[in-house]
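Same chain, two versions here, written out as structure tokens and called structure 1 and structure 2.
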Structure 1
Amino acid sequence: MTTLLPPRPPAAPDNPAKGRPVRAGRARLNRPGVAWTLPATVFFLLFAVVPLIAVVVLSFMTWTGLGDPKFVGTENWETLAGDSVMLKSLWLSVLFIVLGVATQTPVSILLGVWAAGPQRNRAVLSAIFFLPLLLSSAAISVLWRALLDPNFGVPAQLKWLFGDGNLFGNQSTAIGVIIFVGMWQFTPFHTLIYQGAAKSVPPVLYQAAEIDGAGRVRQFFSITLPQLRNSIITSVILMVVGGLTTFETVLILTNGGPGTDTTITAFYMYEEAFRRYNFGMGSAIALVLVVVATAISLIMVKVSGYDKMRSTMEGV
């Protein structure tokens, strides 16, 4: 964050005149002063750390939103540990992420590489293709809910494909619909990432490959894909974090149902806090979500070597 701040003004250097030894690094780098990080730090504390602490405290309390919260020790955590819906919701969240990444990544890479091409018609087509990005998740969910209505939507017209059209009434098809709608909505976004990355691959690589007699498929796997490495990691991390917090799509499309069959953790948190008015339990679920999300992000960053930001240009 500090790199975004303006360089420290030369008017306020540390005054070494008092005879205190000056640490070498400081003098050499002339880093911006701590004071410059204050606004950002204050806001971070205020809007991230303070609420997080409040959530930790609240997870040891019971509170309906009325009157004062009551301290109950580890009761919420004990309930949560033995709660089958919580376990199911975590498993579902993981499943949603895996399915989301598995469906969106290949399609958006192919589309992104295709859209990075030079022809004019691609620009027009890409613009149309990016339209879902402009719509809100709520609008998209309402739209698909109506389109997939068993009696008045597409399934009623294509009975050979959809059978009785009970898409929202079975766990597997309900999950399928949510994954599909997520894909419809977010593939354009990831395509955009890959389009940008694919455009920045140096053309000289392809020219060299052509001279060596490599075909298009070979070029794709040997040049394009390795060059997209960092973009793939970025895109997948975004999908994972986005997948963990998927909420409005589930709320509108299935309402966590049938029964609790699509109740993912973020939805379960909402249900506990804002439908059962059990804010203590909701906070505990939120914390689980924070821990899981942080752990997954850290693992992905470590495993992928993203923290070192190895250049894709090496060897050029």
Structure 2
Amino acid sequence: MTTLLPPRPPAAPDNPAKGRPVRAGRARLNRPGVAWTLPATVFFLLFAVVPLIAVVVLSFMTWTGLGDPKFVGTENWETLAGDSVMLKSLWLSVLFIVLGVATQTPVSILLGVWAAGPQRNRAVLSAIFFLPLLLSSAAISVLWRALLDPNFGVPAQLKWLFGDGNLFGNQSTAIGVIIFVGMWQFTPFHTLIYQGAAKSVPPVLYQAAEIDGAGRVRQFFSITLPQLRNSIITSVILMVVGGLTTFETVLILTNGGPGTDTTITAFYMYEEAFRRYNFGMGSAIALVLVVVATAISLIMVKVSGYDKMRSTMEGV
């Protein structure tokens, strides 16, 4: 018995438009042209590169905001190198970063993994928890300043718990308040990052773990955390940059006090430039802040191997 097979269709040409194959060296991808990047490039140059160059130039000058700037060479930098307040502010900035990462990361991961699950009323509770993301840092700082006021706030009514009620009167409690307020404000943002990352973990991994007898705790440490590695690195870098640029929270809650015990680098830059009208010194402090933030971010990227990650999928 003979079986008739349908005729094989002719092979489609590599270039349907001209009916002939296209050479590999001349193949082109349909990518947007350079003109598409022009608006973003112009915006970046006007609002990032040009101001940065102006700050570099101003750091070698003295200027009070009135009249013409006067060139003073490296005088601002020499003064800054021997400034004890500047060194203390850098140490405090690093302390704020360490405490912020240590408090926000575990809580954000746990809440993000929970929010990615199928629990009942999860969506409603997540929406309520994310409300701080809708408020500005200034509004949140004013709110907590009123709540923690030593005369009329909660500590004044619960002196058996808070002592004299003045949480802003010594360095340790003042730093604790700033860290707590920052945690309350930014934990929902990082939770959102981990929630999206946890949802992208393949369910087959958990199914295989259940077959092998792994419980939820073992699944979290053996599957979830390794799959969140990229997101953890991204979140920590954002925390580092955010910690170095924190300003309004310190301004409203403690005003850098008591004394200079909560004067971080960003706040010290504001004091020099806009309270003492020493814009040259303020520009030098700003440059130090930019260099430190960039260096820490690059070191974290290099050490973590984030620059070698090619896939955009978690765990791949």
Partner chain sequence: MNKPSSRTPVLAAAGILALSLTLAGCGGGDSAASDRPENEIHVLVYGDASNDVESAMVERFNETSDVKVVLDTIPGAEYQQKLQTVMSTDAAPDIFFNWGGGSIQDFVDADLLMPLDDFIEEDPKLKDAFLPSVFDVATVDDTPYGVPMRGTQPVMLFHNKEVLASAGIEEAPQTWDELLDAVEKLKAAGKTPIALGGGDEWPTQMWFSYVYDRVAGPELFQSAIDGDTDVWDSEESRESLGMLRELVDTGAFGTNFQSVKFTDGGSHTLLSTGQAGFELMGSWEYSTIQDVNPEFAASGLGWSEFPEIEGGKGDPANLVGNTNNYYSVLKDTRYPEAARDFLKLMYSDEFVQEQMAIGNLPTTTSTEGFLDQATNPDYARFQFGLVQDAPNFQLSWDQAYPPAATPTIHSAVADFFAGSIDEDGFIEAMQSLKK
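Everything quoted here is computed from the prediction, not taken from an experiment. Each form is matched to the other, and the largest set of C-alpha atoms that superpose within 1.5 Å is called the rigid core. Quick note, the numbers are simply positions in structure 1, starting from 1.
**Q** 1 or 2: which is the form predicted alone?
**A** That would be structure 2, which is the form predicted alone.
**Q** Compare the position of the CA of V291 between structures 1 and 2 after a rigid core fit and state whether the shift reaches 2 Å.
**A** No, its C-alpha moves less than 2 Å.
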